[in-house]
Structure formats: structure tokens, C-alpha cells
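Included below are C-alpha cells for two forms of one protein chain, each presented in isolation as structure 1 and structure 2.
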Structure 1
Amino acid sequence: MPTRSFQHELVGVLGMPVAENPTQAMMEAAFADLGLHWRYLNVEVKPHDLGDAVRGTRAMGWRGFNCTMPHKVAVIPFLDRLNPAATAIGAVNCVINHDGVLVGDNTDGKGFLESLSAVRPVVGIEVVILGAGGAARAIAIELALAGARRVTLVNRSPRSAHELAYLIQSQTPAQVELVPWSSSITVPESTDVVVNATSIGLYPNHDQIPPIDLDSLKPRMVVCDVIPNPPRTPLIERAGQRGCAVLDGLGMLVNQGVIGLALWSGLSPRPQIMRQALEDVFTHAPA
């Protein structure tokens, strides 16, 4: 009689909240396509429980895990070491378990850069980034390293914005400008790319839009949102109506997932399989 194993290899995401995170759909589609007996779990972890959760993944032999809000920076003290990208960015979104040694990496920025590069060249651009958290850090550093000329950071917390500005200035030749986020944001005329790297518009608050003067969005600009759920955020919809090129959060999510799965398994998943799984989820989602 043929036998089979009923034990899965485990990976997943630690965050709060995670109910809106669609990563499981694309990752498990990739597992099936690759013939991997793996499962991807969405695990909600309160900030004060993060250390216990990380130790739990090690004790249970997880192959690795993703980190999302609000743990991308807070997870670092609980890891054994960081790869160069995570060190440079100061945030972790992907952890790899190397025989019990937990190694932090960052694939967010690379995933975003790949999506944007498919739409327009990055060298010499001026970019406005809303937010200064883990996703904003990764995107800003990767864009600056890839040749962005100027990065304008718009954030409510001056401390976080100054920390990110220092990272950019100390590691890249890009110019940096800080803009306080106190009311409606006017995007400078010279801007090439606008990125919402905040949670504004994330399900269940999917009717929200960052306080941007929409008249300042010009058709020559590329407007991007890192939010994957819903893919067509109000910002993406309104920018598209104004003639801007738009990038939804699914492209970045797929690209960073491809990189992460390769780090965990050594295999290269097919991005089209992962993107299709995400599109199927949102196409058939209840209204």
C-alpha cells in the first residue's frame, strides 16, 4: 500500500491584523504548482507577544515566515542575524530558518522595484513616498540605490521620517526632503512617482484615501499603492481617472513572494500562477 506524509512544512506571516492579508492564496497556489507539501499560515500576533511567536516558529521547525505591520522593525532583536538588504533598510519582512538560525531579510523593496521598472526607468526619477514604516523604508532605499534622484518623505511622525532620511543619505547619493503630514498633501509638479506606503485604504477601511490634493496628480506621474487588499484602492482608482499610470499592491506582493519562496525552498515559483491566484480571490470575493 502506498504511503504518504501527513506532516506539512510550515511558513506564514506574523502581523496584526492579518485577516485582510491575501498572501496565503498566492503562496499555496505556488506550493501546489511546485509539488511542495507546505502550508502558509496567517497568524495574528500582538506586539507584546512577538518574541514568543518568533521562538515558537523556531521550536516548531518552520521553514521561515513573513513579517507585516507592525512587526517589521520590532522583530529584529529576536533574530540571529540579518542579510545585507535588511541591515541597510533597517526592517525585515522575510525570515529564513537555516537549521535553527533565524536570518532576517527584506524583499519588499526588491518586489516594488521590479514592478515599477516594468512601467518606467528608475534612474533620475523624483519620488514622493507617503509613510516611513517598514514598507516605506524598503521602497525608499531600493529606489535610491537604483538611481532615484530625489526622495520626498511625507510622514506624521518626524522621528520616523528623520530616521529614514538618515538611512537614505548615509547609504545612497539621492537627495532627501522631509514634508510634515499635517493636512492635504500637494504633490510637487516635478514628481515622477507617488507611493502610498501607509495602511490608509486597507481592508476593512477600504473606502479611505490618503489626504492628497488630487488636482496635483498629473497624467505623466505613476501612482502606486502597496496595499494588496483591495487591489484597486480609492487612490488607485482616482489616480487612474486622472490619467496617471497606476501600480496596485498585487505586483509588489507577488514579486516579493517569489523571492521569499526561493529563499525558503531553493525553488523558483511561477509568478503568473501566484498573480492569478490573487486575482481569482478578489474576483470571486463577496461584495
Structure 2
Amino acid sequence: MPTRSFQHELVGVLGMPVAENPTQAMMEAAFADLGLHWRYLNVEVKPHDLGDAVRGTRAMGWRGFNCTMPHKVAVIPFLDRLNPAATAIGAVNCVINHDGVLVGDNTDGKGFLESLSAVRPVVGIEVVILGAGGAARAIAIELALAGARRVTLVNRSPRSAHELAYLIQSQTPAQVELVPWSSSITVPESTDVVVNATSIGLYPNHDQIPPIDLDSLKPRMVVCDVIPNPPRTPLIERAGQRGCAVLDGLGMLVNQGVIGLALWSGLSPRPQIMRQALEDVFTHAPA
């Protein structure tokens, strides 16, 4: 008789596409480090199959799952309840299965906050956020809830920027300013933190840089990019050359994964193990 179990605890990510999502490598490195007999599966789910897929995770006793594009909002009707962050942001990237009760959370913004807090206290800061999509929403809401004084949203399409501004104004004490993004913008002198929360610079368009006046980036500013691949985007490179402290998208990716795995397992994974696994993936990826 075999003495070891051939049955794993399951978690994973539901999205479309998922083939290039590297979260599996980071999570499975943490499982090995923690001695967990778990697997993390990348599962491609078409939008019209999402309800069946979510019910399937419950039927199979998955500990939980991550949601990625295009399911972060669409998954909400299939869950039993939402935690406050997911309610405030209006999107779910992490679902926890509590004995068959599926609870939606959003750990993207908390992951970002964790990275930023390590280099700059957030209370009272002025932030410029480029973009108003899912990542920008999560970051803006968490920063505003954590005490950021002023959030300036710079976005191409006015509708999503107005929606996010309304969310911030109705749920947090932070001041909000909207800046339309039709040509290169100048970062105000009083800015403490600049965040690229657009997809500009994401592989394979890894030579692109958001249209901002790079001379307006001052050494006292922290410049952050959400792009995880490549970790050193042209924006991060140029801001670093100008003397700014920089945060790459791997930190946010790792930290949201640390928070998610802690929610699923009750354990405390080591971020450096997870970051190393991602760096190994990107070092060996075609650039």
C-alpha cells in the first residue's frame, strides 16, 4: 500500500487567457517551502462557463481561487458574499472557500499598499495614478482608505475615470482630481507617489513608456509600475536614473499572492521565495 497521499489540496486561477500567467510558479514555490501538499492550476474558463466553473471549484473542494481577466467583476453573482475591500473596489481577484461558502476578496490593492508602505508612509501623501481600470481601482481605493490625502487620476477615457473618482469620493475621505490624458502630462511638483496602473509597457510592448514629462519626476518621488513582465519597465529604468525610489510590479504580484495564500491556508508564506520563483520565470522568458 502507498504510504503517501496522491490527493492534493487545490487552488488556482480562473481566467482567459491564462497560459502566460506566472502565478502558478510563485505559489507552488511557496507550497514547497511551507511543506503544503497543494497544487495551483491555471484554468482557462470562457465567460459563459464561469458559473459552472465556480460551482465546480466548490464541488471539488478547492480551498479557493484567483480570478483574472475577464472574470474579476463577472464572478461576483456566483459568490456567497464579499469582503469589504471587494465591495468597495467592485471586483474580486481572490475567492476563499470557507466550508462551502465562497467569499470574494480583493488583494491587488493591499499587495500594492504593502510594497509602498515598505518605502514610504501612506498617510497624507499625494498620489498620481495613471489609468482607471481594475488595477487602478484597487490601488486608488486602498491608498485612499489608508490615508492618502489626494488622488489624481490620469486616464484616456473619461468614463472609467469618473466612475473611479465617484467610488473614491463616496467611500473615502481623500480628495480627487481628474486629468484627461490626450497628450503628455506633467506630474505636479507636490506629488509624493506616481503609479503606472495602465498596461503600457507590458510584454510584448515592453519598450513602451506612459506619455508623461519625465523631467517632472523629482528624486523625492516614489515611482511605481504595476507591470510584472518585464519587471524593469522603461518607466522604472528612467525614474531610477532620475533619482526616484522605484517599485516594480513584481512586488505587488508577490504581496497579493502572500495575502491570498494566507487567506486560503492560515499560514505565512515567505515573500522572498515567491519573488525568486517569479524572477526565475522572467529571467528564462523570451524578452
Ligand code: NDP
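Think of the rigid core as the biggest set of C-alphas that the two forms share within 1.5 Å after superposition. Keep in mind that what you see is a predicted model, and the values were worked out from it rather than measured. Numbering for residues begins at 1 and runs along the sequence of structure 1.
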Any idea which of the pair is the form predicted on its own? 1
The residue among M26, T107, T198, H71 lying at the hinge of the motion of rigid parts between structure 1 and structure 2 is T107
Interdomain rotation angle between structure 1 and structure 2 - two rigid parts, degrees: 16
Rigid-core-fitted C-alpha displacement of W62 between structure 1 and structure 2 (angstrom): 5.0
Y40: CA movement between structure 1 and structure 2 [superposed on rigid core, Å]: 3.4
